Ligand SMILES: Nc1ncnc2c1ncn2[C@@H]1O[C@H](COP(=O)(O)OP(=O)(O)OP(=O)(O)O)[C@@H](O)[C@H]1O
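Shown next as C-alpha cells: one chain only, the form predicted alone.
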C-alpha cells in the first residue's frame, strides 16, 4: 500500500498542509513542537485507529476551529486507488453542520464513525512511547495487541466494545452492589456478556500472537547476531468462553470485596524473556529497546502476511532513541516499504533518494 497524497486542514497546530510522499523513504524534519508528529498522527488515523498518543477526537482540532479535515489518496497493491476523507468535529462543530467526533468516507461513500475504515488502510507506527512496550505496564502491551487486531480484523472492534461496555457496567455495579436489590441477577448477566466477548478476544489474540511472536523471535536473533535469545509468550486467562465464565463466577466473592472485575482479557499480559530472564525486570535498556523494535517489525510482517499488502511505516523520531547498530538494522528491515519518518536532524538523510520536507510552526514545505 502506498500513500500517494495527503492533505490536512485545521489539524492540531496545522492550518493547512499537503504533501505527496514517494514510494520509499520520506523524511519530515524540523525542531520539536513544530507539528511533525501531528502530521504522522493524521496519516495513522486513516487506518481507523485512535490517536497513537491517546488523544481524544476533539483534541485533534486546531484551536478556535470547529472541525478538522484529512483528505488522502492511497494506491493498493492491486493498482486500485482509494480516496479517504475524515472529518473531526470539535467544540462548536454542530453550529458548522458537523457532528462532534470522527467520521470517515471511502471513495465518497459515508462509513459513519472513522473506526469503520479499519481494514482498508494498513499502517504500522513506531513512536518513542513504543520503546516502553517491554518495560512499561501490561496495559500498554494489551493496547498494542488490540490496536493491531482492530486494523486486521474489523469484526474485533464490536467485540472489544461489547467487552469494555460490560466491564464498565459490572465495575459500577460491584462498587455499589450492596445498595441494589437484584444485584446478583444483574451481575450474572454482565458475567455472561463478558465471557462471550472475552472468549472471542482470547481466540483472536492467541491466533494473532502465535505468528507475531515467531517473527519477533527470529528478528531478535538477527539483531543480536544470535548472541542471545528473546522469547515472547501469551498466557490467556482462560482457554475459551465457557472456562472464562466459570472463572468469573468463581471470583464473584473476591470481586465484591475488591469492588472491581478481577478476571478477564483486561488483566492479561505478554511475557518477554531475554536469556531466560524477565526482560522487564532484568533486561538492559538496549535489550528492552531491541525487543520493542522486533515487536513492531513483526507487526509489519504480520500485516503483509495476513492481508497481502505491505503497510505504510510511520517512524516518529525513533532513530534518535536507537544506537547505530539498531538504527542500521531498522532501516535495513524497512527497505522496500513506504516509510514516513520524522527527525529533528535532516543532515543524515541528505543522500537519500526520497523526499525531505520541513515542518515549521505547522507549515510544511519540500526541501529536497
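The structure presented is a predicted model; accordingly, all values stated were derived computationally and were not measured. Numbering follows the first chain given and starts at 1.
As for the form predicted in complex with the named molecule, it is not shown, yet the points below apply to it.
At a distance threshold of 4.5 angstroms between non-hydrogen atoms, residue 32 is in contact with the named molecule in the model of the complex. The named molecule in the model of the complex comes within 4.5 Å of no heavy atom belonging to residue 346. Looking at residue 13, you'd find a heavy atom of it within 4.5 angstroms of the named molecule in the model of the complex. Not displayed here, the named molecule is approached by residue 62 to within 4.5 Å at the level of heavy atoms in the model of the complex. Of the stretches 323-331, 302-310, 52-60, 66-74, only 52-60 has residues with a heavy atom within 4.5 Å of the named molecule in the model of the complex.
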